[in-house]
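Given next, in structure tokens, is a single chain: the form predicted alone.
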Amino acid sequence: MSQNPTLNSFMCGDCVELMNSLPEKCIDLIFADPPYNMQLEGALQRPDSTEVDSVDDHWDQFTSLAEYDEFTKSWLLAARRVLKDSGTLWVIGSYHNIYRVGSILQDIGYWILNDVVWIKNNPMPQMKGVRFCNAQETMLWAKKSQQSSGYTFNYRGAKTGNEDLQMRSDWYFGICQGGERIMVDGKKAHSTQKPEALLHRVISTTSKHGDLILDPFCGSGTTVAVATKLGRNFITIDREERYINIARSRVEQIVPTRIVSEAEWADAPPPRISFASVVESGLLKAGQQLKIKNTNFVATIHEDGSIESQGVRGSIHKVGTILLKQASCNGWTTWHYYDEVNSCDRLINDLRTKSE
């Protein structure tokens, strides 16, 4: 019997059973940080014989790859059942498990949108010196099926926040440490706590304010902590009550940040664009002249968005750099055009938000 999901709830028990108790198609976004099946044999030691605080928890131990595969298929099927047709799923892993997870994802119908590489600025060193230092983890972002449509991807916001450049699939964040690391009795609360910055990017780019996010492997509660900060609702599951208690305590201390509504974002100035777009939109025209204030430099605009002055043709930045004999030049804040409406010279930078 399916039960209606309670928003912002912590559920203790088997994630497959509890996901199957939820209604079908009720979840907007899933972020899953499952066991990696690290397959460690004994404790890891540093060269000085001290022991490394590695992932040796019982929940990461499986008797065989076949057992791990069956576990993976079970929770992915349960997750797919509760995911809305417009929803998406993220799953993170290392080289130990992510290729098996990806294969199973595809076998049961998910359609992978991206593989995103989390590159760690401060990875744990390779203690034995017998292989390369593992400095990355991989996240797979998938929709429910190839035919699924309408999923959330805040492309415009991600690009604008990334200095008007497309957000790439290589993400650089440090591992969780310092004050962000949750400690209990002087020890790590969870061996694989993820940094909040990583979840902030996932949640802000692939969900909307008020969406319902599911984390079937709660751990230290990073997903629900960030979801709360960003004004999303959540359901989180863990089979160990101590992790549920840690996550609940973490969330209780959070004051959500101010959320900018979709309407406010829609009314915000559009992203600034290229000089060629200014010409293409007719705000400036081929043959029109630009000048650098307090100099004798005058340039003519060409139809392709290049400009030409004193035999030099190129971008607004390149021509300005050469004429002014500088190491670099921001053409937007260097060149002026004549504003016939107001009968004055204005920076071409004023036109950037008018030509989308």
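When you see a residue number, it is the position in the sequence shown, counting from 1. Not measured: the values here are computed from a predicted model.
The protein also exists as the form predicted together with a small molecule; that form is not presented, and the subsequent description refers to it.
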Q: Using heavy atoms only and a 4.5 Å cut-off, determine which of T160, N233, Q193, S148 is in contact with the small molecule in the predicted complex.
A: Q193
**Q.** Interface segment, criterion being heavy atoms within 4.5 Å of the small molecule in the predicted complex, picked from 83 to 91, 216 to 224, 97 to 105, 117 to 125
**A.** 216 to 224
Q.
Residue-level contact is defined here as any heavy atom of the residue lying within 4.5 Å of the small molecule in the predicted complex; does Y243 satisfy this criterion?
A. yes
Q) P23 near the small molecule in the predicted complex, any heavy atom under 4.5 Å? A) no
Q. Does at least one non-hydrogen atom of K188 fall within 4.5 angstroms of the small molecule in the predicted complex?
A. no
Q: Please check if K208 has a heavy atom lying within 4.5 Å of any heavy atom of the small molecule in the predicted complex.
A: no
